[in-house]
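Take a look at this single chain in structure tokens; it is the form predicted alone.
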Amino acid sequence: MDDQMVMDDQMLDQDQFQSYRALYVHIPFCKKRCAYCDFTTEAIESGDPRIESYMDSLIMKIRRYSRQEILGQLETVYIGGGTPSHIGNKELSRLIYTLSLSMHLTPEVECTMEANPESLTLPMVKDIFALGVTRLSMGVQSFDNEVLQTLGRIHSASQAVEAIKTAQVRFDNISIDLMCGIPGQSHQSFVDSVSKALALEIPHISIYPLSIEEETPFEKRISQGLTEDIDPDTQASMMQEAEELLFAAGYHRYEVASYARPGHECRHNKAYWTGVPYLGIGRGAVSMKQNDHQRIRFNEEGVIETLNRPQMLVEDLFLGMRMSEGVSKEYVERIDREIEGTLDTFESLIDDNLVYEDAGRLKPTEKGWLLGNVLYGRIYSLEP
């Protein structure tokens, strides 16, 4: 056994920890990196031999973890990237077939795969559906060609529409991402994109404000004065407009950036926000394991952070306030017995209209959604 495998086994040892219930599989390949992307990805051709080599390694890990009985309690799987659809049917089928053998990929397991419009085909849709994928998440970002060009996307608006219709041949559970506050994007352009998604009857829509990350092409263009900087007020206004349109169409907001029709919430995403232990496989993928006393995040290179019990409790409060259902007041009262000042902090958040109480639960207000950094920062200030 090589050193990497020994380290993996030490990191994954579950004897004293809760079982993993969510799995993330990372495919770090794209046709082209977008101007705003800072994920662990690289742009290569779909037939590059490095893809097959990477997938061989990924499949070996999945099989080994299955033999170690690490995958037996999984309830959700998320195949993300990068662009999983970019690697093609052959490699995707190998991966999903391995998962089906290694962890019993039954219909009760939510299995999401990310795809981009330019690489999703009807044969791929039919194959991955037959192998056990239950949900498709598509990176659309906009139905405006000029906005797509600004973002560095390589698909067109018409390709996005066609890909969604192709996915609907097999999938009822489809999600798309839309982005707002993009330089040069008008309010009307953004509203039109949301309206287009509604017309296509997409049951899950995520709305994200553009974030400028360090050392991305976008960040360099802004620092050189070649692109206007983002305006948080414009982004907030667009987020509110999207919320009004989605609410009117029967969607509900279950997480800070996610809207769904009833029954189409992403269970995997909810796992991240509710303190569920998750396993990440692949280059740069992060795992989290925990018991009652500590929470550990790590990747294939080693431990990223370790939280003690008070830090875990504060993080759980922060994560809970990313969800529309918030946290129970009884839970806050229990934490207050361990971390003095917790109840006082939430009472002050209520006074400032960032949180409200509803049927025994403390939930973020609309102001709390829009001023999330303030809300989360006040909670994090509880950390001993």
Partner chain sequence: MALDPHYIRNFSIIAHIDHGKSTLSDRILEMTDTVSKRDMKEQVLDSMDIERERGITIKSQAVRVDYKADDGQTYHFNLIDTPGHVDFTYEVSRSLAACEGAVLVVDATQGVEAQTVANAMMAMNANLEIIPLINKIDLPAADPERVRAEIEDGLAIPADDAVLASGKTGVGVHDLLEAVVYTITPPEGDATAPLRALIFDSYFDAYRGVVALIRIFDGAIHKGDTIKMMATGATALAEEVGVRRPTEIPTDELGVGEVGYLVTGLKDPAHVKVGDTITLVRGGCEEPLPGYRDVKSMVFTGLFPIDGDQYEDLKDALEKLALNDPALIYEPETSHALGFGFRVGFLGLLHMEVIKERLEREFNLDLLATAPSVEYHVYKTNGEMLSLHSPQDMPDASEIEHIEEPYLKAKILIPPDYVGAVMELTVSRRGEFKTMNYLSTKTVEMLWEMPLSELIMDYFDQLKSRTKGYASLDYDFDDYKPSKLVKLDILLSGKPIDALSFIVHSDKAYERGRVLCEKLKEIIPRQQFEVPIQAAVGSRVLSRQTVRALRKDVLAKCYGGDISRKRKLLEKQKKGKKRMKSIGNVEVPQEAFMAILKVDE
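Numbering follows the first chain given and starts at 1. Keep in mind that this is a model prediction, so the values were computed, not measured.
Although it is not shown, the form predicted together with its partner chain is what the next lines describe.
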Open item on the list: Counting any non-hydrogen atom inside 4.5 Å, which residue from Glu42, Asp336, Asp352, Asp48 sits next to its partner chain in the predicted bound form?
Closed with: Asp352
TODO: Answer with one of Lys220, His104, Arg297, Arg170: the residue that has a non-hydrogen atom within 4.5 Å of its partner chain in the predicted bound form.
DONE: Arg297
Task: Proximity of Thr83 to its partner chain in the predicted bound form, heavy atoms at 4.5 Å - done: no
Task: Heavy atom of Asn269 within 4.5 Å of its partner chain in the predicted bound form - done: yes
Open item on the list: Within 4.5 Å, heavy atoms only: does Tyr97 come near its partner chain in the predicted bound form?
Closed with: no
Open item on the list: Taking its partner chain as it sits in the predicted bound form, is Phe318 in contact with it (heavy atom to heavy atom, 4.5 Å or less)?
Closed with: yes
Task: Which of 105-113, 239-247, 120-128, 157-165 sits within 4.5 Å of its partner chain in the predicted bound form, heavy atom basis - done: 239-247
Open item on the list: Within 4.5 Å of its partner chain in the predicted bound form, counting any non-hydrogen atom, which residues from 57-82 show up?
Closed with: none
